[in-house]
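Have a look below at one chain only, the form predicted alone, in structure tokens format.
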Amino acid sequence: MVQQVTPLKIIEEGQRLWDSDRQPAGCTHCHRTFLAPDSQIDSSCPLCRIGHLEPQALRINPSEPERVLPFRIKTEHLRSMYTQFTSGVWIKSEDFTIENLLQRTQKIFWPLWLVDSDVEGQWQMEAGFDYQVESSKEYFQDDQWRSRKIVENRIRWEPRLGGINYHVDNVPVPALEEHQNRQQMTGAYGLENAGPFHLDQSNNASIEAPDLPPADAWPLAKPQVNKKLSQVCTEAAGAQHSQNFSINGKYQNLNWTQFLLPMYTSYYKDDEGTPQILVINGETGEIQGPRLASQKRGWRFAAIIGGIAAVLLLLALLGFLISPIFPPASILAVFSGIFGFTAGIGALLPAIWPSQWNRKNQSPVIIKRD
């Protein structure tokens, strides 16, 4: 039995939440939804950077989030992080600059669900108990046989079953359909560093709204609740390990609240003018996103170097032609030919390097939603 304690409600367009300037808004392009401060309305979507945020009605849990992981990475740290991220990209698009990344950086919190549940039922499992076995091993040394004691750690498995009436508190589960991709972009968070939510912690950040409602998230939550119950039952049995845990029970008084995780986003435009999104973990500073070289600029550099090579080779040819009349011209022709040939070979490098770099530097990208 599943009973949802905190139902979702319709928050109308323009309605404010939590006695603040937070209002529901959605992106006109990717259709992600947010609780955005007034200052963010009509600004670019922090996740797709194509559409903009506009007020819209939203069906959400209207209560404040329960817990939040604060930003440990401050905005003043971003310059050095962007500098390191862009280093190594020899030929970047003209838009791929540190100043652009800094100017376009936005704060965002993305959600997890925290699930509470009362559980009553019958459980069974195989409980594992650590024990040690002492034996000896014979070996030959110094012309005689010797014995060495060996202690092995083993696990004894025994069936256990029983009843349980327990309250499980704050089990984190996905609140976004793209949770796996988002986790790949941000890397791991230290959830143990979180604290109670206070509105002033969110500052000017947009808060992404869950798009995975509790009814759809419960199949993901139930195994995590059972994992917690397995740990409780293992401890109650005095065991150190457990396997094949199962429970036949009722899950009642489910309560769904939100856990907010911090991240920054920024972007640059590639050769085609498409925004390439960068995501920075607001706790650890891990940064992910495309780090693309510019093929167009590579070709442009190749054309310039190729043009210089052509001029040098032409001068070499002219030098050889006039050398019978003016012998010193042959020396200049030789050097001009060498430099022209070298420049011609060098022109291939900027033409080839960007595509090679882009193939070798694949990275996770945020899901594009049209």
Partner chain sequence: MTEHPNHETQIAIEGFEQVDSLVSGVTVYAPKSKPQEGEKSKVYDCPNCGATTAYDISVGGIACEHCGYISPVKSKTLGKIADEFEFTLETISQAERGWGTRRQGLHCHVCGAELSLPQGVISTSCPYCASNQVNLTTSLEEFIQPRFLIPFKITIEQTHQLSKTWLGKGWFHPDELTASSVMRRFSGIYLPFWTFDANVTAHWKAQIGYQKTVRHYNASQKRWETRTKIEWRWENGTVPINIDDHLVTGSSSQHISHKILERIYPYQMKDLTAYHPDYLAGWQAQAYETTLTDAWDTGKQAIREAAREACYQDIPTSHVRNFSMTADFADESWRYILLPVYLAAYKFQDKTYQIMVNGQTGLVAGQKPVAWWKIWLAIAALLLPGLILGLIGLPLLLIGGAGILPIGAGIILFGIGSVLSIMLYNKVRQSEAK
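This is a predicted model, so every value here is computed, not measured. Residue numbers count along the first chain shown, from 1. Superpose the two forms; the largest set of C-alphas matching within 1.5 Å is the rigid core.
Not pictured, yet referred to below: the form predicted in complex with its partner chain.
Only one listed stretch (212 to 220, 281 to 289, 148 to 156, 199 to 207) carries heavy atoms within 4.5 Å of its partner chain in the predicted complex, and that stretch is 148 to 156. Contact annotation: Gln141 falls within 4.5 Å of its partner chain in the predicted complex, judged by heavy atom distances. Contact check for Lys228: a heavy atom falls within 4.5 Å of its partner chain in the predicted complex. Within 4.5 Å of some heavy atom of its partner chain in the predicted complex lies at least one heavy atom of Val168. Shown alone here, Gly121 lies within 4.5 Å of its partner chain in the predicted complex, counting heavy atoms only. Of the candidates Thr83, Gln103, Asn244, Gln132, Gln132 is the one whose heavy atoms come within 4.5 Å of its partner chain in the predicted complex; the others do not. When you look in the predicted complex, the only residue of Val232, Ile98, Val89, Leu191 with a non-hydrogen atom within 4.5 Å of its partner chain is Val232.
Taking 2 Å as the criterion, Glu134 counts as shifted between this form and the one not shown: its C-alpha moves by at least this amount when the rigid core is aligned. In a rigid-core overlay of the protein, Thr284 has its C-alpha displaced by under 2 Å between this form and the one not shown. Superposed on the core, the two forms differ at Ala239: its CA moves 2 Å or more between this form and the one not shown.
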